[in-house]
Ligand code: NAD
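Just the one chain here, laid out as structure tokens, in the form predicted on its own.
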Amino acid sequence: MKKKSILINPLTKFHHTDFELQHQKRPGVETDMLPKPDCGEESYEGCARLQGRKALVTGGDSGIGRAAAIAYAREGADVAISFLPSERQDAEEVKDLIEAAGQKAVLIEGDVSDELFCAEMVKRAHQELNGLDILTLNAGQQQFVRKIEDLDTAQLRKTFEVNLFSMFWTVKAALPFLEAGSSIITTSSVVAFQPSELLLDYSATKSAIIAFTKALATQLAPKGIRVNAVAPGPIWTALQISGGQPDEKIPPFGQETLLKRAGQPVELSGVYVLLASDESSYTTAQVYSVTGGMFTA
């Protein structure tokens, strides 16, 4: 007798009521969030889709980067993650989860807004993983500002350095190590298509990331290296409660989507794994949207 399929309503699969009002000092840590985001710690199961692969995930301590790192490990990849000093507790948790999956974990502490650090990060990842063939460029800065008059040059510069410049620097450092079959995955956002008035600088970087991704894919296609982007919608991460959104936006966060709730990081895991794996061998220069139904075209 065939087993009856179990259908799960996407409207209620994860937290779908108001979040508790909360605020943390930037950049925020996942451990102290209520509820704690689901990055696949208990829910993601792998099936050897990345056996023997070597991945570097920037911003891999929490949120979407954490979800990607956990999924990669459970699919058979060794994983290096970058993180800021204040995020070490979250990073150590990811290390334990990667090792529990039977894979090697490398923690690289530093700030990707520093070009020299990006070069050292890539070098360490390649050396300690004994190879490198997946680059997942996810580190990001998001700080809301209500008016352009209050958006200072220091924040503008930092947002571009973290979100966009770091991608240039990391890819340039990694190219000598990437062979045909390697995959580069960038992280854009729904605000690249629906810019937020509160996130003028952030929205600009996320739009630029799409152009960067498509141009880089065109350059690297002759080398057999694929480049794609993921564009998340409102995802429940530490980014949001550490200045990414004003306080009044936190309780109803994500409820403006067609699915009436925020997404959880684990809901992006499958897309990152797909784009890292040979299952997407005919896919490059594309943007995969995971937005709860928010339009990206």
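Values in this document were obtained by computation on a predicted structure and should not be read as measured data. Throughout, we count residues from 1 along the sequence that is shown.
From this point on, the text means the form predicted in complex with this ligand, which you will not see here.
When contacts are judged by a 4.5 Å heavy atom cut-off, residue 93 does not count as touching this ligand in the predicted complex. This ligand is not drawn, but in the predicted complex it has a heavy atom within 4.5 Å of residue 234. Under a 4.5 angstroms non-hydrogen atom cutoff, this ligand in the predicted complex has residue 110 among its neighbouring residues.
Taking the partner from the other structure, this ligand in the predicted complex has no heavy atom within 4.5 Å of any heavy atom of residue 225. Though this ligand is absent from this view, in the predicted complex it lies within 4.5 Å of a heavy atom of just one residue from 50, 229, 56, 238, which is 238. For the options 40, 63, 244, 254, the one in contact with this ligand in the predicted complex, meaning a heavy atom within 4.5 Å, is 63. The stretch in contact with this ligand in the predicted complex, judged by heavy atoms within 4.5 Å, is 181 to 189, chosen from 181 to 189, 148 to 156, 123 to 131, 70 to 78. The partner is not shown here, but in the predicted complex the stretch 73 to 92 reaches within 4.5 angstroms of this ligand through a heavy atom at 82, 83, 84, 87.
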